[in-house]
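Next up: just one chain, as C-alpha cells, the form predicted on its own.
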Amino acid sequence: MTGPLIPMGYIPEAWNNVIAVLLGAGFGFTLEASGFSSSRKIMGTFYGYDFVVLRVFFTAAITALVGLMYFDYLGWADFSMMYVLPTYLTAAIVGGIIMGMGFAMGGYCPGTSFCAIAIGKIDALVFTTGLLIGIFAFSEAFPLVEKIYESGNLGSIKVSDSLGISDGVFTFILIIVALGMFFGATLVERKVKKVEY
C-alpha cells in the first residue's frame, strides 16, 4: 500500500471531508492540550519567558518530516503525488510581516484563536472578528494588490530544491537547527526568569 491513500484510491474520495474534520478536531485538541488557547503562553515566545509554541510546532514539523522521509524510503508514500504549495515570495514576506504583527499584538494566530473561541475566550472572539474583517477587506481589495500577490512566483519549490541539496540533507540540517533553537530557548527562558525574580 502506497500513500497518499485517497489519491491512490485506497480510501474513497467521499471520505475526504470526514477525514479533514477528524484531523482538524485532533489538531484543535492538541493545541488546547499544549496550552495554545492562552494568549499569555503564546506571547511568552515574544517576551522570552515561555517557548512552548516554538518547541511544539518545531517538534511536530520535524516528526512529520522525518516520518515522510521514512515512508518514502520504505516505499509507503509516493512523493511525486504530494502537493507542494506554489511559493509567491513577495506575498509570503508581506503576509508574514502582517501576520507576525497581528500575532504579536493579539497573542493568537488564526488556528489558536479558533481553539480559544471553542473554550469561551472573549479576547479570541475579538481577535477572530478582526481576522474575518481582514479577510473580507483583502478579498474586496484583491484587484488592487493582485500584482503584488502574484509577484515573485517561484512555483512549487521546496527549500531543499532552492538550496540545491537533497531532502535527506535538508532534514538533517533542520534537526540540528531545531536542537540549537531548543537549547537557545532554554537559555533565554532561564535568563528572563532570573530577571523576573
Partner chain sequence: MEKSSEKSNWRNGTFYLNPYLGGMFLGLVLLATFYITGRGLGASGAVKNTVVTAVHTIAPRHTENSHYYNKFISTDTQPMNNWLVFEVLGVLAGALLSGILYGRLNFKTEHSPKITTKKRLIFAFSGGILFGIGSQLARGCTSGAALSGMAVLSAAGFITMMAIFGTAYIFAYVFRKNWI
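Model, not experiment: these values are computed from the prediction. Numbering follows the first chain given and starts at 1.
There is another form of this protein, the form predicted in complex with the partner chain, and it is not shown here; the text below is about that form.
> Even though the partner chain is not shown here, does Gly24 get within 4.5 Å of it in the predicted complex, heavy atoms only?
Replying inline: Yes, Gly24 is a contact residue.
>> Using a 4.5 angstroms cut-off on non-hydrogen atoms, would Ala14 count as touching the partner chain in the predicted complex?
In response: Contact check for Ala14: no, nothing within 4.5 Å of the partner chain in the predicted complex.
>> Against the partner chain in the predicted complex, would Leu187 count as a contact residue? Criterion: heavy atoms within 4.5 Å.
In response: Result no; Leu187 lies far from the partner chain in the predicted complex.
>> Do any residues of 71 to 108 have a non-hydrogen atom within 4.5 angstroms of the partner chain in the predicted complex? If so, which ones, in sequence order?
In response: Stretch hits, in order: Phe71, Trp76, Ala77, Phe79, Met81, Met82, Tyr83, Val84, Leu85, Pro86, Thr87, Tyr88, Leu89, Ala91, Ala92, Ile93, Val94, Gly95, Gly96, Ile97, Ile98, Met99, Gly100, Met101, Gly102, Phe103, Ala104, Met105, Gly106, Gly107, Tyr108.
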